[in-house]
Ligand SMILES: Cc1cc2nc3c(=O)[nH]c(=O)nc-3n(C[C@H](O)[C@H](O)[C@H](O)COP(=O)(O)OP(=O)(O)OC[C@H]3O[C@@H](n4cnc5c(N)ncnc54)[C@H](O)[C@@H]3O)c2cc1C
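Form predicted alone, single chain, as structure tokens, below.
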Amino acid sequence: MDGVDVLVIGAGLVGCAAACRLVQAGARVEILEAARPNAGASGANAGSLHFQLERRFLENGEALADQAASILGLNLLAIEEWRGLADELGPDIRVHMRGGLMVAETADEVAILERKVAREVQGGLASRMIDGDAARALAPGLSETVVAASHLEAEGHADPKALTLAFAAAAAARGVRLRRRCRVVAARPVRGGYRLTVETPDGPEDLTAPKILIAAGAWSARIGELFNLHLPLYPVALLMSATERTAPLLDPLIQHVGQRLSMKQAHAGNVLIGGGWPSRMRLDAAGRFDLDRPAEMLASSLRGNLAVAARVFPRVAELNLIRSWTGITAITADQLPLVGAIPQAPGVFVAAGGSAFTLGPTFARLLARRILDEPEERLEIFSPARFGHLNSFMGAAGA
């Protein structure tokens, strides 16, 4: 081996945070990044801290909603993790946990909210139902069309770009080397670990380590192929927008139970608007989704997203829109992240597939324990083993 215990592939939030936790525990770690830190979803997301069950878990039937409720224990851990991050990493990460509202405008939406809150309370989350007037008291300017909301005091937002860089700096201070413009192009098992071939600015280089963490976001499935593995991660391109800066206007995070909407006011005064509206993935020369180029913005998504935002919070319609952008993330077939050891490739771990901002710091802390062979059962629901049948005829590269 090359004097490194763990090679981390990807310098997004989870990769940098995991490297930080690993080196804090005494491991020797190196990060390989094909571009630059925050190049993927970690630098494109809007920084929402969604601890209530998200709309995407509620819109596809009760079975998925029940399954999603099983992650609430991890949400509780994440709340405590976030409360301590500013003290650990500094105030520049802009953690703002002043509450979140998931609003409803119809009787059917209220019924969904009530079922959601019942699941959350059963799981230990301190969410509560409030009526429209109470919601407007927490968020003056909220539309009269809002008839009810679920409220959670712990929700909020943070600065996603600053958070990744803060973890990277903390890891570097303890000796972690972050190598930019280093793309992994091959992987093979060797005695005691794996050898990776890396394209670097100075030419190809072979690196070896006993353990590998794939934390490459939407690129993680492609990295898995190098290990002769199927990682069932599917890229999706989403839309975000930002208004001009304005005086304090919106304190809590706003979500909608029946519409695609996530809205908050960042520390600089811009209102950030998103919520899962699609963009169109571009294709590469081989006809595959191109993960290296920004997705194409869809005018229909932009119009729809802004219309919902203006209807729910009319004062936002008075602001100028200064920027809209797309970002590519990845999801799994069951909407739950893919985090843990890959059984068919001993020593290879993965962390990808959604919730990587809200739960990313907690994933990193718990996964570092697993990588270092410490007992840790709280990630079992996200284990790649649940898709093990896809790799029945696969296995570690070259084995």
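Start at 1 and count along the sequence shown; that's the residue number. As the structure is a prediction and not an experimental result, all values here were calculated from the model.
There is also a form predicted together with the ligand; it is not shown, and the following applies to it.
Quick one: of L207, A154, V110, M240, which gets a non-hydrogen atom within 4.5 angstroms of the ligand in the predicted bound form?
Residue within 4.5 Å of the partner: M240.
May I ask you to choose, among G193, G327, G304, P235, the residue with a heavy atom within 4.5 Å of the ligand in the predicted bound form?
Of the candidates G193, G327, G304, P235, G327 is the one lying within 4.5 Å of the ligand in the predicted bound form.
Select, from the options 22-30, 366-374, 333-341, 347-355, the stretch whose residues sit within 4.5 angstroms of the ligand in the predicted bound form by heavy atom distance.
Looking at the other structure, the answer is 347-355.
Counting only non-hydrogen atoms and a 4.5 angstroms cut-off, does A215 reach the ligand in the predicted bound form?
Output for A215 is yes: heavy atoms within 4.5 Å of the ligand.
Quick one: does A69 come within 4.5 Å of the ligand in the predicted bound form, counting heavy atoms only?
Result no; A69 lies far from the ligand in the predicted bound form.
At 4.5 Å between heavy atoms, is A11 in contact with the ligand in the predicted bound form?
Answer yes; at least one heavy atom of A11 falls within 4.5 Å of the ligand in the predicted bound form.
Does any heavy atom of N45 come within 4.5 Å of a heavy atom of the ligand in the predicted bound form?
So N45 counts as contacting the ligand.
Select from 171-194 the residues with a non-hydrogen atom within 4.5 Å of the ligand in the predicted bound form and write them out in sequence order.
Sequence-ordered list: C182, R183, V184.
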